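Let's start with one chain on its own, the form predicted on its own, as structure tokens.
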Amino acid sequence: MTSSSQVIVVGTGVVGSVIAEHCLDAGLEVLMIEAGPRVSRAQIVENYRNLPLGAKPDATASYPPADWAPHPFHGLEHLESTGPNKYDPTYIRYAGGSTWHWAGTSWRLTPEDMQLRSRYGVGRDWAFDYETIDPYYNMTERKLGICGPADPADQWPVRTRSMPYPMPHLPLSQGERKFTEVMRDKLGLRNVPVAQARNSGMPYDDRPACCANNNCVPVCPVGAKYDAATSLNRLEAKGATILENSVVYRVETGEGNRIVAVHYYDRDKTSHRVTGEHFVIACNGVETPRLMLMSADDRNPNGLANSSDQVGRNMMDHPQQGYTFTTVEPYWLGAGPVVNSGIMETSQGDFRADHAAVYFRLNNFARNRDIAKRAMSSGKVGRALDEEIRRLTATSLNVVAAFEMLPDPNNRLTLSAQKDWLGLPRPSVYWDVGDYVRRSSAEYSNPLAQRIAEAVGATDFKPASPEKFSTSKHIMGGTIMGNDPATSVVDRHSRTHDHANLYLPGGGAMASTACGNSTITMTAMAFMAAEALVSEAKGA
């Protein structure tokens, strides 16, 4: 059993995998520790195929948690939610992490997204500017194999790229093309192709081209979409050791408050201790702050990396609201990836001083399942029922508004009195989307959504309640970044202010959410952390 390594990486998702590979390529010894099991793609696909019909929309339903590594799952209360809004993240504790079931959407931040405080007087500024992160976005797009539009007018952000995408964007479906034309001609809005970690028409990184299965969530059956599980064999070939079914429950400090070891339980609840020189906790925005709080000791009575009292605070996501309506003319969505385009220009403007920005996307999910239930409730049978299913499938649209959210220290993860199977405290999150988001829903997104619905010829539009939001499952903020150790957990390299050899990269470190999905920014930050770690290890 390996008991020591130069670099210890806890977590095998995209952030942990990128850092591990960068360290391996630099000649460092790497041990990766994963709480959950390591499974094959074939097993996940088979799980998905055998689910009851009503379970398939749940992104985690194909990933039943192990007793020793629970995660949010229908029927399983792993995470407690308190506060005026329900916090309902979706993540899995499997080797490869939650990129197993992500949509692959890869929007970059804009320069404005990173300067909310200095530009609009709200939120926080990042510890660096867009020009600093741009080359790491380029690295990310090549590592993950991201396809995107070549025309600068169709890119997001517009005309800020220093390198082209590795692959051209995927074509829009018939319905998406029609929606794009309507938005342009009637509302003057640009619905642009989404950059996404999916191979478009060519193999890339030993992964095949997308074949338009339209079940990217919960799993790409052929591996055209990047997920971190596809990199694990390559990491092992480069010399990494990967321990699965190993739940790290304590991070140990030593002289100078440096990290000296991690402790983990195996699936039989036997405890092990692993020592190292450099430590990366790359779980996710829930499990990382939870581990820091569980690791409190005499030197750090409030938890590790927590002299600022910010560990677990500032929990963020992209609150979202959905609009489902029926049109007169058919759109026939469902061919190609589940998210293939979006309206991002609505996320920029001076209005951000008063209310949240919002990003609108037309979901390209095939809606046959939902429509069949709706049609059957009409009382029609036989040919009439068949015709009704066809009509509604062709004319049913779902548009989602995803909001940016400000960091609020009251949105806080703490340790619950309830324990899991290993006797470890479950995470508990107080959650309030805030008036900044609620004002945006009432004053900005609902009126704009109604204009969108009218433009496409909706016959049954209903505005969303400005009090009801779901989460986008994009976990951010719990180990927030900043230049001031008194008000933040990690520095610009995701290295903790309190422990010189401890890195907490990923969504937890993000200082603002913007409106686009967080994975590409998390990965760019992982490259920044990896460079700093290697430099430290080499004594540069």
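Since we're looking at a predicted model, the values are computed, not measured. Residue numbers run from 1 along the displayed sequence.
Below, we turn to the form predicted together with a small molecule, even though it does not appear here.
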Residue among 502, 33, 30, 490 with a heavy atom within 4.5 Å of the small molecule in the predicted complex: 33
The unique member of 113, 287, 141, 404 whose heavy atoms fall within 4.5 Å of the small molecule in the predicted complex: 287
Site test, 14, 91 and 474 vs the small molecule in the predicted complex, non-hydrogen atom cutoff 4.5 Å: yes
Partner-proximal stretch of 247 to 255, 346 to 354, 151 to 159, 322 to 330 relative to the small molecule in the predicted complex, 4.5 angstroms, heavy atom: 247 to 255
In the predicted complex, residue 312 touching the small molecule (heavy atom, 4.5 Å): no
Exercise: residue 61 in contact with the small molecule in the predicted complex, heavy atom 4.5 Å: no
Contact of residue 108 with the small molecule in the predicted complex (heavy atom, 4.5 Å): no
Proximity of residue 235 to the small molecule in the predicted complex, heavy atoms at 4.5 Å: no
